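Here's a solo chain for you in structure tokens, the form predicted alone.
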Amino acid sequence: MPKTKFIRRSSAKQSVGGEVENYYLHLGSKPSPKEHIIATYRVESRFAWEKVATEIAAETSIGTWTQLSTLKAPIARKLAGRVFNIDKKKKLIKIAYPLALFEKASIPQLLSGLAGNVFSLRMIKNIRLEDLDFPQKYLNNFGGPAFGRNRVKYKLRAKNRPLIGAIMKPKIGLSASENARLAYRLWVNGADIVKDDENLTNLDFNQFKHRVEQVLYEKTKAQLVTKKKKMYVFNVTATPDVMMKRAKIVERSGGKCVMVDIISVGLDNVQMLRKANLRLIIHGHRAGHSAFTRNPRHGISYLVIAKLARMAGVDQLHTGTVVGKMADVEEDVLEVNKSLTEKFGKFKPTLPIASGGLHPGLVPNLVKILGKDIIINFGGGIHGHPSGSSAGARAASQAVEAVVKGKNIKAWANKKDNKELKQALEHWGS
């Protein structure tokens, strides 16, 4: 079988005053974090590191596969991506990109440059965009979360505890009226937040507008009964025009929160929703992210997606469970959660959501690892309770109560008022 031939990128080096100049390779230099976006790539290739780094920097900034008569030295020196660090042991390449390369407040343009053709370069076996660091002047062009973690927790009076979320199950199959009645039962039995699942949108047997009307009616009843604030998260995922229409229906009807599947909708449309200033909390679901984040050697890290989601305006974001059914790595989840809550431009913190295969018995370990400033989303871990969804909601609430009070969950389950938790532990373990 003939060996694959690679075309040398002669535009990476051009003759200037009789000398050959590499516009892209600046190892050991220190780029200004105030003037550059810094990208970290993990790379595997059989070619020399300097050559590979040059290829990446060129492809992600101003270069192409051959020498160009149109690329003048002053332009190249001003706009070329600058490779300033190669860590051969960790297989990491760091590149600084001048801000002049980027359109203001455009996540699509950013990704087209730094996470575009570079994944198709023939000379690279695997490449993963691990991280992006942004200067303040670039971040200032984005809105960020309108509410953020603190206002969400304040609205639901949950300052010192995790929020209890309940996901509609089955994912699809309930009518609008069944959906609403089930939401009521979940709220009055301890859930703070009830939400549509990622693929429940506008279906013949559960139409969006009818669901909004009936669910919000039941939410009012639940708040009167419990004397506590409750929230429903309506999934507005759709084409941009339909998404905006649905969000406006929620706003006019008195709803407070909408969910967007940020990968399938696209972060540009999340930006559009945020810019509409509809006074709605934006709940970001990450369905589909693993198509390009799960492989540790190729694609884009979820850390990058989380940073961009916060910039786009997501108030709450699914980040992983550490425990449960999802293939999440503890170190990665903690890093993502930190990125959502630490200082980042002038943005409010985004509230992390743990979701996927959770049940009451997992709550102590989950909170021990991730802390109390999270939403714990239960789906099957509520609706799969041996005594039904209402008992499942009570069990989840009892588990959270035990953790907040510093009690052993098994001992807490043996209290006579906590039989639902005891059943849950007997059914799923701890």
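Each residue number is its position in the shown sequence, starting from 1. Just so it is clear, the model here is predicted, and its values are computed rather than measured.
Below, we refer to the form predicted together with another copy of the chain, which is not included among the displayed structures.
Q: Which among 84-92, 144-152, 164-172, 212-220 is in contact with another copy of the chain in the predicted complex, heavy atoms within 4.5 angstroms?
A: Result of the contact check: 164-172.
Q: Only one of 334, 156, 188, 71 comes within 4.5 Å of another copy of the chain in the predicted complex by heavy atoms, so just point that one out.
A: Of the listed residues, the single hit is 71.
Q: Please tell me which of 281, 304, 250, 182 lies within 4.5 Å of another copy of the chain in the predicted complex, judged by heavy atoms.
A: After the contact test, the surviving option is 182.
Q: Closest heavy atom of residue 371 to another copy of the chain in the predicted complex, within 4.5 Å or not?
A: Contact check for residue 371: no, nothing within 4.5 Å of another copy of the chain in the predicted complex.
Q: Against another copy of the chain in the predicted complex, would residue 345 count as a contact residue? Criterion: heavy atoms within 4.5 Å.
A: Judged by the heavy-atom cut-off of 4.5 Å, residue 345 is well away from another copy of the chain in the predicted complex.
Q: Is there a heavy atom of residue 199 lying 4.5 Å or less from a heavy atom of another copy of the chain in the predicted complex?
A: Yes, contact at 4.5 Å.
Q: Is the gap between residue 103 and another copy of the chain in the predicted complex 4.5 Å or less for some heavy atom pair?
A: Result yes; residue 103 sits at the interface with another copy of the chain in the predicted complex.
Q: Going by heavy atoms, what in 392-430 lies within 4.5 angstroms of another copy of the chain in the predicted complex?
A: The stretch 392-430, when checked against another copy of the chain in the predicted complex, contributes 427, 428 at the 4.5 Å heavy-atom cut-off.
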